[in-house]
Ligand SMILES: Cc1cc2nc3c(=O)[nH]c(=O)nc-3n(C[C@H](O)[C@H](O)[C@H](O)COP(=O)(O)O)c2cc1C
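First, one chain by itself: the form predicted alone, in structure tokens.
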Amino acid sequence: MKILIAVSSKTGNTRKIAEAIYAALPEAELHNVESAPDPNLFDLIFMGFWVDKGTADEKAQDYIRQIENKPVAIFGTLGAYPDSQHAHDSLKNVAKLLPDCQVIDRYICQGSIDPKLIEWMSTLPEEHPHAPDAERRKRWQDASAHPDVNDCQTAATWAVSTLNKTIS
């Protein structure tokens, strides 16, 4: 079985998860989406992205649009908590980008937020929906420690389990 791990990563968070998956699936090929081969040459695709506005980032979306009739496992990172409604909705939105594919499984974990984004949000007026408040600042602080060793181990275990589901 030919396996591709394609990843888009802005700050290195999603790349770290992709590398953990690759360590668990060394027979796979790991590529950044900018230089990844044709996804349709593979039997199984692990598609990695960072969440931007509730879906996959633009570079990941561009690559996803090339995937046709393949089993795909999606994985991503985001600044929100992985058990949040935002994380759940983001995975659902990414799955919708693959209408003719079988999305066989999903994984998402928290990742540190781009400091430039935090800097920008810190300038927003108090009444803006993305302006920092105590809860948001705590989430930023929590996110700064992710992905951690546990997130990577969980992703690796998830990938092996996903592969086993696919071949059984």
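None of the values given here were measured: they were computed from a predicted structure. The first residue of the sequence shown is number 1, and the count goes up from there.
As for the form predicted together with this ligand, it is not shown, yet the points below apply to it.
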{"property": "Full three-residue contact with this ligand in the predicted complex, heavy atom 4.5 Å, for T11, H86 and I113", "result": "yes"}
{"property": "Heavy atom contact within 4.5 Å of this ligand in the predicted complex, the stretch among 95-103, 53-61, 23-31, 36-44", "result": "53-61"}
{"property": "Contact label in the predicted complex: A73 to this ligand, heavy atom within 4.5 Å", "result": "no"}
{"property": "A131: touches this ligand in the predicted complex, heavy atom cutoff 4.5 angstroms", "result": "no"}
{"property": "Exercise: L91 in contact with this ligand in the predicted complex, heavy atom 4.5 Å", "result": "no"}
{"property": "4.5 Å heavy atom contact, L124 and this ligand in the predicted complex", "result": "no"}
